[in-house]
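The chain below stands alone and is given as C-alpha cells, in the form predicted alone.
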Amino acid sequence: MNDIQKTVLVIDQSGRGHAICDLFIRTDNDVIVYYAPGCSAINNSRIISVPEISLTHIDTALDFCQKHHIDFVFVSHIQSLSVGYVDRLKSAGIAVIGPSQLSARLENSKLQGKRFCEKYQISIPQYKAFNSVLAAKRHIHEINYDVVVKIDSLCDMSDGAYVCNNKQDALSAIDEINSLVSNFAVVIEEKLFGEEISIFAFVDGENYCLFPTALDYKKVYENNKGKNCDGMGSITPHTSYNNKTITLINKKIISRLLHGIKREKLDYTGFIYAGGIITESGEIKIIEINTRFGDSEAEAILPGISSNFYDLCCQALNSNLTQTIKIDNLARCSVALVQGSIASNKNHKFPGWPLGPYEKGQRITGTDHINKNKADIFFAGLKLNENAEMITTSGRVLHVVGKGRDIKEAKNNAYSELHKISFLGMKFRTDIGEF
C-alpha cells in the first residue's frame, strides 16, 4: 500500500454492501473502507465494520465523520436514503454519493416511480393507485386482465409485489395487504409476460455510465413459484444482453431517467436501477425503479467490474462522469442462502424467510472452504458471536457467486461450492441459472 491512504464510509448492511466494499478495495489498493453498520464476520484488514453507526440514526454517522478523516460517504441502503442520510451529511459539509431523500421517493413509493416514468415517456404497464380496499376490489372486478398488486411503500418481509394469476389471487392480495399495513395504499398494474431484466447505471446528476445487466430470480421456489421476495439469486450477463438491447436501454430508459432527474432538479448521485420486462415485441417496459443497486444483482455484477471505483465516485462528485466501465467478461451466478425453518413441521410458528418469522442464531460452517477460483462469497445476515463463531442474524444470510466462461459453468461452480456451507434451516433455490 502506498503512503497516500484513501478512506470511504459505506452505509449499508447486506450482501450488496459487502460487494460494494469489495469493489472499492479490489479496484484500488490504497482504499480503506469503513462499513457501517457492516458485518463483524468480514475478515479483511481493509474493510472495517463500524457497528455503532446506525442505518437510520444519521447523527451516529455525523459523529464518526467528525472524528475520522473520510474522503466521502457512499450511501446504498434504501432505509438510509429514505430518512435523508444524504441530505443531512451534505448539509454538514461532508462529500456524499447517493440520492437525496426526495429522489429516494422514486423507490419507496411505487406510485411516485410510476408517475415519474409516465411523465418522462418511459414505457410502463397500465396501472391505477388506490387508498380504499373497496375501490381496489371494484377495479379488479371491472378489468379483464391479470394484475400485479403492489404495496405503495417499503416492506420488511418481501418486495411488496403480489403477482396474481386470476381475480381471486388479486382479491386475496388486497385482503392480505390490508391486514399487514396501517395505511392501505396500493398500485394495481397490468401483469406483463416476458423475460425480466435488471438495468443499472451510475449517475452524477448530469451524466451516466451503464453497468452490466442481470436476470434476478425473485420467486421463493423453483420454477418461479411462490411469493415474490427481495431475490433468491441472479445471473449476469443477461441472456438478452446484446447491442440492440443496449441501444434500447440507453435511448429509451436511462437517458430519459436522467433527463427527468435533471428536469425535476433532483439531487442524485450513485446507482439507479430500472427493473423491466422484455415483452414479445422486444419492447422493455419498466415495472419498478430503485435508487440503489439491486440485491442480489450486486453480488453477481460488481465482482466483474475492473474499473477503479474510487476514481469513478470522485468523477461523480465533480459531475464529470466520463469513464466507461471495464469488465472481466466472466459470467456469474449468485445464489442466496436463506434462513428457513429449523423444524420439520411446515406449520411451525417460525416458517423461515421470506414466508414469515425465523429463528436466528444458527451456527454457520464451511465459509472458509470456498474455492476462490470458482466462487466468491458475500455476507449479509450473519455476525460473529461471543465465541467468534458465525451465526445467522436475518433472512438472507449470505450469497455464493459462482464464476465461469459462461452461465452453465458459473452455475455449476456456485452449486458445487455452496454445498460446503451449512447451517440449521439453510434453504436456497436449486435452479438459479436456468431459464
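The model shown is predicted, which means the values in this text are computed figures rather than measured ones. The first residue of the shown sequence is 1; numbering continues from there.
If you look for the form predicted in complex with adenosine monophosphate (AMP), you will not find it shown, but the lines that follow are about it.
Taking Glu195, Asp159, Glu359, Asp87 one by one, only a single residue has any non-hydrogen atom within 4.5 Å of adenosine monophosphate (AMP) in the model of the complex, and it is Asp159. This chain lacks the partner; the member of Leu317, Val163, Leu210, Ala129 within 4.5 angstroms of adenosine monophosphate (AMP) in the model of the complex by a non-hydrogen atom is Val163.
Of the candidate stretches 309 to 317, 351 to 359, 146 to 154, 94 to 102, only 146 to 154 has residues whose heavy atoms lie within 4.5 Å of adenosine monophosphate (AMP) in the model of the complex. Although the partner is absent here, Asn108 sits far enough away that none of its heavy atoms falls within 4.5 Å of adenosine monophosphate (AMP) in the model of the complex. Using a 4.5 angstroms limit between non-hydrogen atoms, His77 is distant from adenosine monophosphate (AMP) in the model of the complex. Contact annotation: Gly260 falls outside 4.5 Å of adenosine monophosphate (AMP) in the model of the complex, judged by heavy atom distances. The shortest heavy atom separation between Lys191 and adenosine monophosphate (AMP) in the model of the complex is within 4.5 Å. Contacts of stretch 270 to 290 with adenosine monophosphate (AMP) in the model of the complex, defined by any heavy atom lying within 4.5 Å, are made by Ile277, Ile287, Glu288, listed in sequence order.
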